[in-house]
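To begin, one chain is listed below as structure tokens, in the form predicted on its own.
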Amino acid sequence: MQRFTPDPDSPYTIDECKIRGRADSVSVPDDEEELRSEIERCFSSKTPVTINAMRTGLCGGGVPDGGEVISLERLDRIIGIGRKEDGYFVRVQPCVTVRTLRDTMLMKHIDGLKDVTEGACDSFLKDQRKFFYPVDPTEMDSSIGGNIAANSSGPRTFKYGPTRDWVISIKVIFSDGRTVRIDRGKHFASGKHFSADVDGIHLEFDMPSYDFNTNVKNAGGLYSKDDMDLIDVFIGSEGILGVICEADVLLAEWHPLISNIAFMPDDTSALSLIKDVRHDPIIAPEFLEYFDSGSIDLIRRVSDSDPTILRPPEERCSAVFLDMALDDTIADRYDRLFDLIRKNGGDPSKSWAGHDQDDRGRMFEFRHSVPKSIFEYVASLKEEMPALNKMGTDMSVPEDKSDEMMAFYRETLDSFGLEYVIFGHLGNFHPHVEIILKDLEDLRKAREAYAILAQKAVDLGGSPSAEHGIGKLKRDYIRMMYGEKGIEEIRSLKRYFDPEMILNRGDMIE
């Protein structure tokens, strides 16, 4: 195991939110046993521990505030394959990335993997079907363990749901070093009370009294439902209850897709097209994303300096991005899609479509150029203004409140005089509003505006954190959602599993 004192500008003290933390030491275990031993050592010395890996988070969850960083970067093996009903699952260490898992499974490069269930690897190789891990957290280089800790989601949540729906087993190390494997379907609460014997350890505790909002895309706070499965206590817990060191995740059967970007005259026509397409049984989109006219303007500017980025039309426009299944009904799908584009004032001849890997890859690069350019812009200002950080919303509301929330975004940010773009997951009524900061005064105004927007989302029955979690940046919004009672109930549950309160201190709650 490697252990060292980090430099002030160490990559182990920052994530994609661009807030810089501090740590007294960094350890990098080589395997699960070293990880367990290091957690035990920190528990004995009451040393705060921040767990991180790929550091792709956007809420500061992996940013330390003193103590020790334990990086899981070397726990990056795909362990084996199991068979379940008519499909398969994969056992992975926590730092396997979404990209690695996807590519390995699609290409069936499984030499050296073990059978988690008898004969599973041979069956997988001989199966004529292709399989893939369907959760798409947008950041393909994020880790599976981090995704489980945050219950990450993304554009394909529209079809496949969040990470939680695909996790069937986890191995968790508690802060004192005790380790349990929790299989889905084995241990359930009675109401909000758990009493279960797991791997020789008796667990008895109460979940928070609130009901976690599952009516919208939500990654805000600990999941809590009557009669819930024990595994769901830890999925989305952001590492404050234990450290996930292994997981079994389901695969889905793969089918070919064709990607489409429809350019529309303005924001209103693009949003109207999304409403029509969302529930259309013929088109049956696999995801739906929106680009407002400001986002398209930004991509156009990016393409001026980066010719690898597809260039949008020169006239001011908005856009809708969707995938459809490429099957024997594709002609009917396109007839219907073109009819809806025309109905909403667009011209189908201005749309893009691509089904091979290179074309679809370039279309996704087009999409990712919006947040990427903003990340790079904020990073370029950090040297002059170290206190600056990225400010982007991650809020969701119910379908019938979407129009009201979209109008409120613009009304509020315009009133503060802030520049912004709106893009992202309109399939789940969860757009990203990226505020383009120019100085620390903009940051002050953006924080004030963000709080107003978050409260509005909660008031409308939504969540101020739809997919990125709470981390350190959004702790105030837990109070909006659950009040002081809910915060104390989360703190009490953390104290049960982590009596010295050392794990990921400052994440979700103070």
Partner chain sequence: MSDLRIAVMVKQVPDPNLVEISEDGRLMRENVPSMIDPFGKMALQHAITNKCQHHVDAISMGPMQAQDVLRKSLEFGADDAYLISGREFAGADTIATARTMAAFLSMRDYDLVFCGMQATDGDTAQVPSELAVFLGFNIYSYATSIDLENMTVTQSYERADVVSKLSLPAVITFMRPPHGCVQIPSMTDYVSALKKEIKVVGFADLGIRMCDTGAKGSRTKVKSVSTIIPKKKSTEFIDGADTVSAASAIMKEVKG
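Residue numbers count along the first chain shown, from 1. From a predicted model like this one, the values you see are computed outputs, not experimental measurements.
The protein also exists as the form predicted together with the partner chain; that form is not presented, and the subsequent description refers to it.
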(request) State yes or no: in the model of the complex, is some non-hydrogen atom of Ser349 no more than 4.5 angstroms from a non-hydrogen atom of the partner chain? (result) yes
(message) Using a 4.5 angstroms cut-off on non-hydrogen atoms, would Glu85 count as touching the partner chain in the model of the complex?
(response) no
(request) May I ask you to state whether Phe338 is within 4.5 Å of the partner chain in the model of the complex, using heavy atom distances? (result) yes
(request) Answer for Tyr160 alone: is it within 4.5 Å of the partner chain in the model of the complex, judged on heavy atom distances? (result) no
(message) If the criterion is a non-hydrogen atom within 4.5 angstroms, does every one of Arg3, Val26 and Leu35 touch the partner chain in the model of the complex?
(response) no
(request) Name the residue from Asp358, Asp304, Glu411, Glu384 that puts a heavy atom within 4.5 Å of the partner chain in the model of the complex. (result) Asp358
(request) Select from the listed residues Ile168, Leu230, Val378, Leu310 the one whose heavy atoms reach within 4.5 Å of the partner chain in the model of the complex. (result) Leu310
(request) Among 140-148, 430-438, 323-331, 290-298, mark the stretch whose residues have heavy atoms within 4.5 Å of the partner chain in the model of the complex. (result) 323-331
(message) If you apply a 4.5 angstroms heavy atom cut-off, which residues in 245-263 are near the partner chain in the model of the complex?
(response) Ile258, Asn260, Ile261, Ala262
